[in-house]
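Next up: a single chain in structure tokens, the form predicted on its own.
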């Protein structure tokens, strides 16, 4: 058998329990014969505290770009404004669009109410509310933008179905909230269905996220692969990991076209840092995914099977230990030593893991050459105002007076999305944040009309926060109706 080529990877020991579980993980990889060389970078809390609000130095970026593979322990983002999540920054900057989180139960050795659970959550990793685009728009109202793109949906849906086929999984379930967010979540579901037509061998279904999450918590064995937008994926993967026994047992792969990052799904747990009691399993299972990704599947098998044997033998860290179920309570180093002692052994209750020569999927997005963008037609504008007077009727009168010389008409006023003019209800609670929809009198609106409208509103002492142009894309309306609008 030819010798494996050594792969250089980037490693970050992180914060809190990070250094302890990373040391334990690397010891196990070394004992198993993983052919890796490590470049260590410093990220996280100390970098933040040094005055770098990004949490990562430029030279560390260069190391990441050079190596293309990153094994990362949990980090701490300081509380308070001005600090962006480094986890999100790395995923988005390096194009790590697919987050793969296997979640299974380890019954009867780890206590769980769901002994048959064995599923994978595939989470879109770059879009949705994790764009982190937030604004305080008025004294009372804050905004967070939810961004969903067709290319983003197509990439993650294609990855999900290819993953399911490669892994021998039989069903893919999509979770969205498209009954409410008909355009953003609606697009995610639509693309799921479009891409799914290329995979008739895989069963496909869709659940609304709220009842889907309830079903997951109650009957996880009903699911195989779950495809979800970013925020929902963060939530449901933690639910799945926890009901399987512990969030500490879940690893995560973040896969892009040129880079990959591997980590535990849990945080830095500063309350138990330095006590030597943290469970390294989540990071170790993430490292196993890394070994498969770099073509060292045989080493990954060796470690995974040794880890399963350790769990079977009842060698458990404190959060898993159960009287009458576990055999020995151990700390971080003792657990790592137990896994090393079992390298080369196979579990007897669980089916031995086999990775062989398989590697992580590497898919590249290409828009169909036959795609023709639809013609855009500007038909109106939503103008958002800050106005403390809560009387929608008087606001409408001021808006009509300001705009009556222009080829557009005030169609609707909403407050927090609910129509309050015309024919509003006095029971509707209003804040100081108003959306005022103007529609073109003709089929299409010249942009200069909107500029003139804003000037006239300013002259009438109406304070504009922002605008959103209203377009048709071909025959399809590119904007939602107001709640209560007909």
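In this text the structure is predicted, and so the values were computed from the model without any measurement. Positions refer to the first chain, counted from 1.
The form predicted together with ligand NAD is left out here; the points below concern that form.
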Checked 272, 213, 187, 408 for heavy atoms within 4.5 Å of ligand NAD in the predicted bound form; positive is 272
Of 293, 302, 309, 72, which one comes within 4.5 Å of ligand NAD in the predicted bound form, counting heavy atoms only? 72
Between ligand NAD and 149, 231 and 476, in the predicted bound form, does every residue show a non-hydrogen atom at 4.5 Å or closer? no
Is residue 278 close enough to ligand NAD in the predicted bound form to count, meaning some heavy atom within 4.5 Å? yes
Would residue 267 sit within 4.5 Å of ligand NAD in the predicted bound form, counting heavy atoms only? yes
Touches ligand NAD in the predicted bound form: residue 319 (any heavy atom, 4.5 Å): yes
Residue 12 near ligand NAD in the predicted bound form, any heavy atom under 4.5 Å? no
Segment assignment from 257-265, 222-230, 411-419, 109-117: heavy atom within 4.5 Å of ligand NAD in the predicted bound form: 257-265
Since the partner is left out here, which residues of 8-30 would have a heavy atom within 4.5 Å of ligand NAD in the predicted bound form? 17
